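Okay, so here's just one chain, in structure tokens, the form predicted on its own.
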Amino acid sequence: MKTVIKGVTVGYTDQGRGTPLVFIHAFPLSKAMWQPQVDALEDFYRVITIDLRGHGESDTVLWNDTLDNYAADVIDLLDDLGISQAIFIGLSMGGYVLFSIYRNYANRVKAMVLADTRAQSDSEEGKAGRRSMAQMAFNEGASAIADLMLPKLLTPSTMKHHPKIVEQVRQMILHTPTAGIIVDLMAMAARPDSTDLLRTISCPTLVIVGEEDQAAPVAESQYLTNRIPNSTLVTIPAAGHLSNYEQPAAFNQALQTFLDNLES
């Protein structure tokens, strides 16, 4: 499905009925990364996935793009769909967008799931790394970014023994326009620190992390749960940064338990 939000075409899916679940994807992927969760949940919930600007079926916007713009797109989509409040699930960059949503639209958030993400802004070294990756994307294209990112997204075991998963993730990256990758990197480098936001989060919150996540290690998720009131941490064994895709059964179980507890 597609809709136009403030002149920007946005791709999304909207399946099932019931409590709305809104999934926000990681860099440099698309809504396709959430297919294991859509398949598991669409019979019980209204499951919505969105392509952020510059990803999948959504337009790339080169000017003045920030994670706040991405957050506004998500909220505008929910307005179009007549949804006043939802449960949000964001992984990695999707978690950064979710922090922006909570900062600016907290009344829209019934509950949240923060997966494989962190609250702190980038260090100067981190910002330099994003600039370097943006230059690589400009010079060499999405294939170079795929080669760089795959070992950061997946565990060494998956890289070695599960070529189908590796190829599926590679194809998601290759289908992300180079311009979208560059805009993402600049937006993430410029994002604000969300540490002070954590203690203000009053909605039910689940934190999920892959046990072998090198990009946002378990300690980062422990940091979140230590500061978000009444939050819960689940660690997924044999999973890296892309925990939902690498170990979907364990991720889905953690998510379903959280959702069941909300309704009990």
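Nothing here was measured: the structure is a model prediction, and the numbers come from that model. Don't overthink the numbering: it's just position in the shown sequence, from 1.
As for the form predicted in complex with ligand MLT, it is not shown, yet the points below apply to it.
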Counting only heavy atoms and a 4.5 Å cutoff, which of 229-237, 197-205, 37-45, 24-32 contacts ligand MLT in the predicted complex?
24-32
Ligand MLT in the predicted complex: contacted by all of Ser92, Leu153 and Met188, heavy atom 4.5 Å
yes
Given that ligand MLT is not shown alongside this chain, does Tyr96 nevertheless sit within 4.5 Å of it in the predicted complex, heavy atom to heavy atom?
yes
For the heavy atom contacts within 4.5 Å of ligand MLT in the predicted complex, list the residues of 1-21 involved, in sequence order.
none
